[in-house]
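Two forms of the same protein chain are encoded below as structure tokens; each is given separately, as structure 1 and structure 2.
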Structure 1
Amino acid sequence: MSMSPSTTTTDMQQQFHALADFIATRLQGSERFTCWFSGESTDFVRFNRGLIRQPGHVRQANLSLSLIDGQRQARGEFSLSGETQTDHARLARLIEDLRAQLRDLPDDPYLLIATEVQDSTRVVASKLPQTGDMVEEILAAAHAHDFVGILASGPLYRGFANSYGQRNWHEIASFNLDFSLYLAGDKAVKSSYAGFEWQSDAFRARYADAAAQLELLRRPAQRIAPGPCRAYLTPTALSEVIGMLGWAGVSEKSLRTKYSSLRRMRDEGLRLHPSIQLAEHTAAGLGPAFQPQGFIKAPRVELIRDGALIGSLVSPRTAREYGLQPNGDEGMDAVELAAGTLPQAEVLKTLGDGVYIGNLWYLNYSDRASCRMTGMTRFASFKVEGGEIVAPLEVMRFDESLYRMLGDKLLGLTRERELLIDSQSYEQRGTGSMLLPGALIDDFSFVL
């Protein structure tokens, strides 16, 4: 089996630059433009019962155009065909449509676009093997199990251009294997392996860990009484908690309007545990270092240092409204939480008696002002006694504040961290990523 992307960097980049040049020739009077290019060349392989069920390749590109005149802006987008004559004709019609809309639009007081030209090109050479080679390794490991999952592999492309002559290009290749080992009924182990370079030893270790947990699921499930309980959250489980902060938690606009779940950290000086160091690390992530208004993102934005909120994410609109400097977008896209000192191999021993939580889901805020979250355990979570897993844990609901989980009740973070890449592929592959340790927590509150 041999699968590989057929689209080269030059094809995509030249296509984008040619479209930007064409747009420039269609402007009239004082009109300006910004445009955003997103593309991918992705191999998708869907597995079920340890077999390939659906292999395929997706090559697509989309262009989003903003036509601007003064403080008025109209936006539109379409999928590119790759045929120059067809795309130019569709683009010309879109420009005419946007021009007609501009006449009826009011001024946008918070419109801010980059006028200082800052060109950039980042092309990270792919370190991925042929998709077929990865698939062969997966099938070799999966033959003894009901293996279900999706492998997505290949390069992602992003581009920006404006009427001032700025051109930015970003290309990086990654893979994401999102999989489950199914036992029976509602019992399964969910895991993933993702990154920029496929390492056979790392994959086999990840798979072996999932297979060992699957055997533990054969034991009768047990339930614990609601109330506080010592708990370990894997990086995957912790990602659901940290991901909630992307819901306007570290947004400067939300902090200013008191909607942020972390507003008490800014307004009242509340702090998390001193070991918590949280950053938006764009330079180490999957997404581009520029954003749709043409501003260059800061390579790294410190958000929480030594448990204190010291930074925020500032979009161009927020920057215009409050007289600030933009540093990116206001949702986290490349999350990095510093590692701790607890060796992964000693997690169960240090946990002692408690629960090992492999996954969480259905999270929501139960009290946004107190950064209190509620959610449920999912897939492979276990009851632990004397440092040993004794039984699968029945599904339970928790309700807990971040100020406790990662505050005074945090016992430690693991020394090892896991890279988690956004597995969503609706319309296009996501560029979000998280680099996270696991977290050992005292008095984690279960309510049902």
Structure 2
Amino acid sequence: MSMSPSTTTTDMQQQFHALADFIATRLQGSERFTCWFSGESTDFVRFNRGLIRQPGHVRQANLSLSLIDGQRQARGEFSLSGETQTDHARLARLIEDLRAQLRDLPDDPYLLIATEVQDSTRVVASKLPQTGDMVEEILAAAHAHDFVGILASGPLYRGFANSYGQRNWHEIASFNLDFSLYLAGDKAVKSSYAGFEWQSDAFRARYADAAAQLELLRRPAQRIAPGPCRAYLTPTALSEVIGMLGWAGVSEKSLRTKYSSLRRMRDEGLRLHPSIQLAEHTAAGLGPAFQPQGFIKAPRVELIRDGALIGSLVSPRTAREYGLQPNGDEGMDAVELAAGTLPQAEVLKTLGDGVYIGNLWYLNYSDRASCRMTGMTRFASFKVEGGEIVAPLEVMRFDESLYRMLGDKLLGLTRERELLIDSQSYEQRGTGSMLLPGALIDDFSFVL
């Protein structure tokens, strides 16, 4: 997958620019504005047992406006109808409402917006087939299995504009088929096929891989006793662990307020294994390179180098509060963990006796100070003996500190990495991604 800059202007982009121009005409006196656009036109098709459960389409667009006067600001957001007259009327009303609010508000000491104009446009023109055609291929493949999951397909839009004349646009048309094949009970294989161009051969190959793994689940499942166990976490499983660091882990504000789960790395110099190199790599991600206050995100922010926390994600608001330079927002959207040296083909042999964990699920911190987290194994996870898969694993709960699993208990990271595209769609489809290796860990702690 690759995305290239574009110099053409799309219809949706023109509509957004017209709205921004309209806002500019309504400003009074010393007022300024920033605005953020998010939209999508998505087909969602939900499947269960190889059949369709809920198929549909969502067309939505939202405009978020910050009206600023001096150091005072108020924000408002509304659903755009797409009709110029209707949207202009709503926008005019919103501006009046925000203006009335501003009269009541004190200065905001942490207000910081971009004032240096940096325009950008990034468009991936749609190469998607009709969603119905994809669905036909999926149904044809799925009829032989207990197939469950969702297909999301269509364009996503993000835009920024301000009263300094800056205009940024991000538009991609993509699909994401996130699915599981079930054998029985909770025995299943999870997989996905995502990208910008649907290729039937690639889909069938991905599906066949998942179906082949399903065969391994036919063996009787085995339990393991709670306690330490040598474990391999696939990139998908590791993504759940790394994803926890986006929850007040690498955020500068959370480090300053001592809420971050990595605060001991900052305050006491605790380190992870020297092979851990973690970065927010916006330039390689799928999301926009700009953020809601108009700053262009740093292309790459090093967070952990050689196991030491050396960076953080700094929002404009935090930057103003602590006298720092902003580098984006405080949540991770394009995570990259450096590869190791363990060849993927040698994972089972190197694991020897232990467990192969395909997926982890529902992680949460059990002790933030120790960066200790708990969660469950899920989907295709296996007991391994003598470098061979011997049985599916009954689901197990783990409770383990990051300082151990990616610290002194880390045996190695795989040489190959996997690009994982976020399939979640709370309120709107997300743009998150992670590029991760797998991790071989000694004495991974199971508790239930």
Partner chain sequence: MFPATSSDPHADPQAWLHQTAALFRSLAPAVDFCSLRIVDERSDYLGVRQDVLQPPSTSQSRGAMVSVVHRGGYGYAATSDLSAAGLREAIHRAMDWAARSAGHSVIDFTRIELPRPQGRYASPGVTAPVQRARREIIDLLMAESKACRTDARIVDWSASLWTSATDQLYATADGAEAFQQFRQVMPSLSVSANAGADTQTRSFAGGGLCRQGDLSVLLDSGFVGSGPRLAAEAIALLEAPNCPTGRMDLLLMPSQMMLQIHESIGHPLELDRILGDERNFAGTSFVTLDMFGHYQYGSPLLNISFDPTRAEELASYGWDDEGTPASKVFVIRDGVLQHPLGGSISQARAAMAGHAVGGAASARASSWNRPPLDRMSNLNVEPGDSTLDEMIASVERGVLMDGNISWSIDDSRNKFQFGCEYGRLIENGELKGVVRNPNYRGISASFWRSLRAVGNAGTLEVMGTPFCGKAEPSQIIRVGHASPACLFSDVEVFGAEA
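One-based numbering along structure 1's sequence throughout. If you superpose the two forms and keep the largest set of C-alpha atoms that fall within 1.5 Å, you have the rigid core. All of these numbers come straight from a predicted model, not from anything done at the bench.
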Given the two isolated forms of this chain, which one is the form predicted on its own? 1
On a core-based superposition, does residue 139 travel 2 Å or more at its Cα between structures 1 and 2? yes
Core-aligned CA displacement of residue 206 at least 2 Å between structures 1 and 2: yes
For a quick test of reading the superposition: does residue 59 move by 2 Å or more at the CA between structures 1 and 2, rigid core aligned? yes
Cα of residue 197, core superposed, displaced between structures 1 and 2 by (Å) 4.5
